[in-house]
Structures are given as C-alpha cells and as structure tokens.
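We begin with a single chain expressed as structure tokens, specifically the form predicted on its own.
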Amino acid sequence: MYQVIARKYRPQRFSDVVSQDHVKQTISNAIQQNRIGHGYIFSGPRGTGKTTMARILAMCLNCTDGPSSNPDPDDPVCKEIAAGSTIDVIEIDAASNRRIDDIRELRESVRYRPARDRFKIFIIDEAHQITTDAFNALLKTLEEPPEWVVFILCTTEPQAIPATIHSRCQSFQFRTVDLDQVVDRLRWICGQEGVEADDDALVAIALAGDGSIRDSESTLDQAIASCGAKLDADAVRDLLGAIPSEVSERILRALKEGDAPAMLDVVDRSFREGRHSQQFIGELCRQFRNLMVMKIAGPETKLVAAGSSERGRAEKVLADFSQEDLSRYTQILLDLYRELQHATQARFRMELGLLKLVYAGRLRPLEEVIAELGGSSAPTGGRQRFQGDSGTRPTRSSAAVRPPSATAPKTAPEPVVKQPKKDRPAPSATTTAPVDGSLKARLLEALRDAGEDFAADALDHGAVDESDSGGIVRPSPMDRTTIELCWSSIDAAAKIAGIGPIKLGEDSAERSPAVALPEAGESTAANGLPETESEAAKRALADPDVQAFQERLPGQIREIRNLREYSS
C-alpha cells in the first residue's frame, strides 16, 4: 500500500527534524545529564514537528541502550514506537478523549508500571481540547506522577491550557520553518523519489505550506501526482491556484502604462478561469509586498521569500515604481482583501479595487507639489505619471499639476497689516445715527461691513467733514488714539465707500485748523501704525519664501499680523 510522503519521510532522530534547534538541543542535553522531566508541553503552529518530536523523545527514553539522545532507528523498540504498536507509549487524541471520564481512565493506567520498557509515556495530542474539569482531574497526577511516567502534551493553542497545567510542565514553543529550510527538505525528498523539480516550483510549494513542513510535504505529494516526474513552476502554480507569472506581468504593465481596460481584462480572465477572488488578491498582495521590500532593501534581500526567477522579474520592474507607489498599492490591496471576505458582489469589488491601483499611480506626492511652489525641483520617484485615459500619455514633467500662477492674475491687492484686536467697548445707547447719505454714514457702513466695529465705534463719536479731495476725519479727544491705531482700516474703508482720500484733522471738540496726516501707505509713521508694526510687515514681505509664495499664488496674502503683539 502506498505511504504518503509526510509519513514515509517522518524523522526518526533529532538530527532529521527540520529547524527547532532550541528544542532539540535542550532535550538532548537533558537526556545526557539524566535530567528528564515528568511533563512536557510542545506548542506551536501545525506541521512543525511537535508530535514527531514527542515520538523521538519516547524512542530516546525507551530504546534498548537508553536513555540516549541519539537512538538507533533500527532498534526493535524504536520501530514499535514509530509504528505505534508498543503498549508502553500511549498516544491519546484529546479531540475525541476530552471528557473527565477519559482522564479518569488515564489516571488508573498511570498506577501500573510499564509492561516492558523503561518509561510509560503518554503523548496527548491536541491537548487544548481537554475540558476544564478533565484538566482539574489531571492536576495532582501531573504534579506528582510515579517515577516511570512521562506526560507529553502537544497543542497548537497553548493559551487554552490552564496555567496550573503550564506550571507543572516544561514548555517548549515550536516555530514556523524558514522558507529556505522547507525548500531544501523538499529538494531532498524529490531526490529520494527521483523527481526533477525547478526551484520556482519548490518555492511555490513551500509558500503554500506557510512554514509547515507537513503541509508542504502533502502539497509536494499532490504536485507529483499531478505533474509526474518533472515539476514545472507554472503547472504547480496553476495547481495551487497561484497567480501565473504572465498575469503578474500584465498587471504591472497596466500600472506602468496607466491602462485601465487592461486591468479590467485581468479581472475578467480571473473569473473566467474560476479563480477565488480573495485568494487571487491575497497572492497579488504578497507579490507587491515583495516588490516594496526589494525596493527598500535591494533585490537580493533575505526578507523576501521568492525564487531566483521571481527575483529577476522583480528587479526589471523596480525602476518603474517608487517606494511610495508600491506601499500605496499594497495598502489598497490589503483593504480589498478585507472587503472581499464578506462581499456579495466579488467581481464588482475586485474591478473597483484594481482600478484604484491604476488611478493611485497618477497621484503626485504632496512634497513634490510644495517643492515646486518653493521654486525647487523634486525627484520624480523613478517612473512616469499619466493624466487622462485616452490619447497620448504625457510624462510627469509635462502632465504635472499646473501651479495656480498659470491662471491667477499677476496683480494682487496690497496686504493689510492686521492690528491686534483690543477689548471693544459696547456701542453707546445714546449715539445718534448720522443722516443717511452723509460721508460719516457711508464710512461707518463700510467699516462695519469690513468687520472693523472697533474703529467704527470710535469714529461714531467724532465727525467726518468734506474736503476738496475727499474727507477729513475729526475724532473726539478720547478716541483719537484709537483712530490713529486703526487708520489703515479707515483709509481702506473710505476707498471702498467711494469717499476718496481722507485725512486726519484736529479733534472735533477743538475745531482748530486741520493738521492732516499723509495719505495711507506714504509713511509708516504717518499712516497711523506704530513703527514696529510697519517694520514687521516689511520684514515679512521681504522674506524670499513669502515673495515666492506671492509669485505662485498672487492675491492670497490678505493681512499681516505681528504675533508679538498678540502674545503679549
């Protein structure tokens, strides 16, 4: 009768076990030093050698010349243990023997000495399936068993085993097996079976095993049954439902050229071939993750699990994509993978998600746009960007987002120096509204529309007289300082109201000959602003970055504030 590869090539010595060096070394040293424990917990992912290691430990303890850390597989006792026919090594499937009654029977058998061998060994597989009551019934026996008993609990879920059990056993955590070690093991088995296999085929099988030796060996058995004595990479990938290299190249070409119809054709072909959409996207996500890591760490990095041909293909396309592109693609695919888990319209979701990849390649980094606004150039990220879906596809340099200066007017209004707002007094209830249509009424209306209520309230107590060129503002003695501080706002409001140039005259109560200030903007000292405020505005406008900003975005600087005044 045919024996499957996973059973036929099951390790019989510690040296045959792939990986798990930390477990092999510790147990071997314990046997050599005669420090054999009465309870062990072997935990870790499936197919990493937990039950196999338990059987090898049983061989080491019960072999004819033992205890020995290197038993002879041809020893009669070892052969019986490997075949599962010895009565002193008892394997229990906890998934079907999990009740308290089953544990009571085990306790009864513990009381009797081994029939022939040195130790009576209980290997409890899937130990996490045992109920809490059954574990409690086992506590005392596990803590103080007879000297001839050894318990070995194997589990994939160590967190499900009570802490009281953990504290009575030595715990060993098994690890997933490295891809290169799995490939080496599969290559050795192929040599024993007389099967020719290329590296990419073995890598595809090892990736399907996901770090599990047993799963990889079962997949190899399936591949040999399908392909015969020669394993071809494309045939193996098709058998496992992986993405063929030709499809991966079409996807990368569609992203490089911004070809949305080609991406939709990839989705159509995938569904016509009956591929599982989530599995397809998961494999695609793995490939883009590999590209991203190769872009960062180099094509020969050990962080990527890939064959030589896949690395060669990846190296050819890395120059076409930036690191930002690849990380963005990977994130979109991860989101799509989660959406497909419960999606009712898988094809629609897949089409939309892959189209996002195409459109995401046309985005420009924010840093690049900011660098252009500052007048400097930025790196293009290694590949061309596209704009539009038809016709010729310009490169990034010609299809870049145009700066606002291309359409904005060249002239801009003079920025207003904003004064810090003081506590504004409430308007007087006794103030008499000026006659509609007067200079004062128009000026007050313009100030309030501009939000300058503080200046309007001060001006409301004074007078505005008509002059040959425009108007003369005559404030009340108490409000003169306020009028001087807000003079630039008042002057701007007068121009908006159509009054024309205005001047500051004597106080309204004195009616002395007018002493007019120069027009706003002529002198920093004469326009009502403190000298320090005007100097701060000049320094701000003279800054090269501010000037570059004005050139790119004219008219966008509306006001200038002295933050020192606001923080004081």
Ligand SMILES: Nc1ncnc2c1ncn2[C@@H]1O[C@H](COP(=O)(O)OP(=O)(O)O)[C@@H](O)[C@H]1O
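These numbers come from a predicted model, not from an experiment. Sequential numbering from 1, following the sequence displayed.
Quick note: we don't show the form predicted in complex with the named molecule, though the next part is all about it.
*Asks:* Could you tell me which stretch in 25 to 33, 39 to 47, 61 to 69, 537 to 545 has residues with non-hydrogen atoms within 4.5 Å of the named molecule in the predicted bound form?
*Replies:* Contact-bearing stretch, as computed: 39 to 47.
*Asks:* Which listed residue (R313, R214, K440, R250) meets the criterion of a heavy atom within 4.5 Å of the named molecule in the predicted bound form?
*Replies:* After the contact test, the surviving option is R214.
*Asks:* With a 4.5 Å heavy atom cut-off, would you call L553 a contact of the named molecule in the predicted bound form?
*Replies:* Close contact is absent here: in the predicted bound form, L553 is far from the named molecule, nothing within 4.5 Å, heavy atoms only.
*Asks:* Considering non-hydrogen atoms and a 4.5 Å limit, does the named molecule approach R185 in the predicted bound form?
*Replies:* Taking the distances in the predicted bound form, the answer for R185 is yes, it comes within 4.5 Å of the named molecule.
*Asks:* Is I557 close enough to touch the named molecule in the predicted bound form, meaning at least one heavy atom pair within 4.5 Å?
*Replies:* Flag for I557 set to no.
*Asks:* Does Y9 reach the named molecule in the predicted bound form if we count a contact as any heavy atom within 4.5 Å?
*Replies:* Heavy-atom contact with the named molecule at 4.5 Å: present for Y9.
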